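For reference, the chain that follows is the form predicted on its own, supplied as structure tokens.
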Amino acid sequence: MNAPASSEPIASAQAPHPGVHCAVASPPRRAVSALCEVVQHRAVNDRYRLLTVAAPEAALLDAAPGQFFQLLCPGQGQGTHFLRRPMSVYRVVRDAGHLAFLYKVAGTGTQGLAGLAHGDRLDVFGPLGRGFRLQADWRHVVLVGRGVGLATLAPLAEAACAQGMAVTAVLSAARADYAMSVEHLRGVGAEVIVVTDEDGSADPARVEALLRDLVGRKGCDLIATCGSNRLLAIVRALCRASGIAGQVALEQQMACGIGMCLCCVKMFRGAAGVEPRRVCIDGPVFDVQETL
């Protein structure tokens, strides 16, 4: 049975802090707060874990690729752990009522998260933010990710394949066994290319050459990336030179997740010059050419 949700959806706040102008107003987002039961929690390898919870229909209905949830990790208030942790949606299985997160144990919050067992409850708030955008006439989408950025890109691959688009995923990792989602991506119909530090194929110059060859041979309508500033720089330059659309899901520390606290403000290129935007509500997905 799905876990209970709050009775009313909560629209993400829109008003910036007084005296601060943040460009790109976002429409209200349907978000819910819910206690979700853990239905599966396992180690993918010695670095990453996969957490699946039973979520209410309201949380699943509007969850889109690139959006995120704010998780209240166990141990809040202990040591330096006071705030919720933003985590990208990895999978939404609407028929089963399941929501999945793929994460790396890196700090106090995720260490608390790693202790959750089957049947435990996790407080989640979302979905939040602006996700990836697909155009119906696109034919080929290329994904370029590294680390947990691969988790953010997985739902985009699933959505693009479901719309009949060809998808090629270039997965960068320190070692081959750290390249998550390989079988899942292949299972939804994507072609997968794994590059690693171990064999030198993840070297930025080699990745750039690989992408240029791929775009030249197969064409491309969108390149989406997440998880590495070096990969973002490559994608931004290639998209600019080739006239290809590019989108990036930014990884950023957040506090409230709804645009009120201004913890996640970064500078972007806008029509009028450099301007501040809130990653949580104006993103976390942005056009690659807007990033600095």
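Worth saying up front: this structure is predicted, and the values here are computed from it rather than measured. Numbers for residues come from their place in the sequence shown, where the first is 1.
Another form exists, predicted in complex with a small molecule; not displayed. Remarks below refer to it.
- Here the marked residues Glu158, Val167 and Cys220 all miss the small molecule in the predicted bound form; none has a heavy atom within 4.5 angstroms.
- Using a 4.5 angstroms limit between non-hydrogen atoms, Ser33 is distant from the small molecule in the predicted bound form.
- Using a 4.5 Å cutoff between non-hydrogen atoms, Ala176 does not count as a contact of the small molecule in the predicted bound form.
- Put simply, Leu232 is far from the small molecule in the predicted bound form: not one heavy atom of it is within 4.5 Å.
- Contact between Gln252 and the small molecule in the predicted bound form is found at the 4.5 Å heavy atom cutoff.
- From the list 118-126, 187-195, 200-208, 97-105, the contact stretch for the small molecule in the predicted bound form under a 4.5 Å heavy atom rule is 97-105.
- Checking Leu134, Val92, Leu171, Met87 against the small molecule in the predicted bound form, a heavy atom within 4.5 Å turns up for just one residue: Met87.
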